[in-house]
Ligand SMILES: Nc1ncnc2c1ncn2[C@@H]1O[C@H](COP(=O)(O)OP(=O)(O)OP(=O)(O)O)[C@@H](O)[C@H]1O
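The form predicted alone is given below as one chain in structure tokens.
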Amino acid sequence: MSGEYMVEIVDLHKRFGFHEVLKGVNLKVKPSEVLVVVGPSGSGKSTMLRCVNGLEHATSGHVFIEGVDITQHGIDINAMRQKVGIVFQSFNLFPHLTVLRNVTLAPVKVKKMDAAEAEEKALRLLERVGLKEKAEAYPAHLSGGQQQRVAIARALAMDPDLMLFDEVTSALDPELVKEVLDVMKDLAREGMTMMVVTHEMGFAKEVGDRLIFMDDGVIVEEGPPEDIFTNPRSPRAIDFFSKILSHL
């Protein structure tokens, strides 16, 4: 596959038992592109992200990361995962570790980074997400928005080439959403390649280079966010956006 794409998905199918969640997804993402993924619950958005990260194995089809097929037998999936950071709606922080230890753990354990170097890097990242002063705090003492920003810092500590965000603001109180989206906007401005599953249409419109609308395991529409918001073509997209954009 061409090396000009950060991600290339070819005829991706994913089945859980008799339930087919992805039904032939084809998608290409260029370096530094911010791709926003929207659609109703159960449309396959999160499953697609998990296949890109290797957390789910494709039933059939291919996923290429920087030209390497991560679905092929014998691939070192853990090495590939180091290139792909993922942040979930549930923050998945280790509750018994401080913020600083949460961020340094993977670089030290997986990348064998020197502990002092990892700590210095973690503090830089925590400063970047506005939480350096919380380095010695435990997750239980942080707000949801702060925990999510720590989760982003933790993913960035592995120096990924690609960041996946799976509904990262959906579990947050509305007043905490902005602080997380601001960090993501900064990443986009710095050129990070991002695939973002979200219901935050304001973010999609402001930051997204391209938007795909998924329904029932397939990509129904794709294009610039503004075009799809103002002129969706399929009945499913028209119905979805009429409901979700009416309050904006």
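None of the values given here were measured: they were computed from a predicted structure. In case it trips you up, residue 1 is the first one in the sequence shown, and so on.
The protein also exists as the form predicted in complex with the named molecule; that form is not presented, and the subsequent description refers to it.
Asks: I'd like to check something about residue 208: if you look in the predicted bound form, is any of its heavy atoms closer than or equal to 4.5 Å to a heavy atom of the named molecule?
Replies: Result no; residue 208 lies far from the named molecule in the predicted bound form.
Asks: Residue 40: heavy atom within 4.5 Å of the named molecule in the predicted bound form?
Replies: The answer is yes: residue 40 has a heavy atom within 4.5 Å of the named molecule.
Asks: Given that the named molecule is not shown alongside this chain, does residue 9 nevertheless sit within 4.5 Å of it in the predicted bound form, heavy atom to heavy atom?
Replies: So residue 9 does not count as contacting the named molecule.
Asks: Is residue 193 near the named molecule? Define near as a heavy atom within 4.5 Å, in the predicted bound form.
Replies: Flag for residue 193 set to no.
Asks: Checking a candidate spot here: are 16, 19 and 46 all in contact with the named molecule in the predicted bound form (at least one heavy atom each within 4.5 Å)?
Replies: Checked in the predicted bound form: all three residues contact the named molecule.
Asks: Among the candidate stretches 46-54, 27-35, 59-67, 181-189, which one is within 4.5 Å of the named molecule in the predicted bound form when only heavy atoms are counted?
Replies: Partner-contacting stretch among the options: 46-54.
Asks: Note that the named molecule is not shown here; using its position in the predicted bound form, name the residues of 162-199 with a heavy atom within 4.5 Å of it, in sequence order.
Replies: Read in sequence order, the lone residue that approaches the named molecule (within 4.5 Å, in the predicted bound form) is 167.
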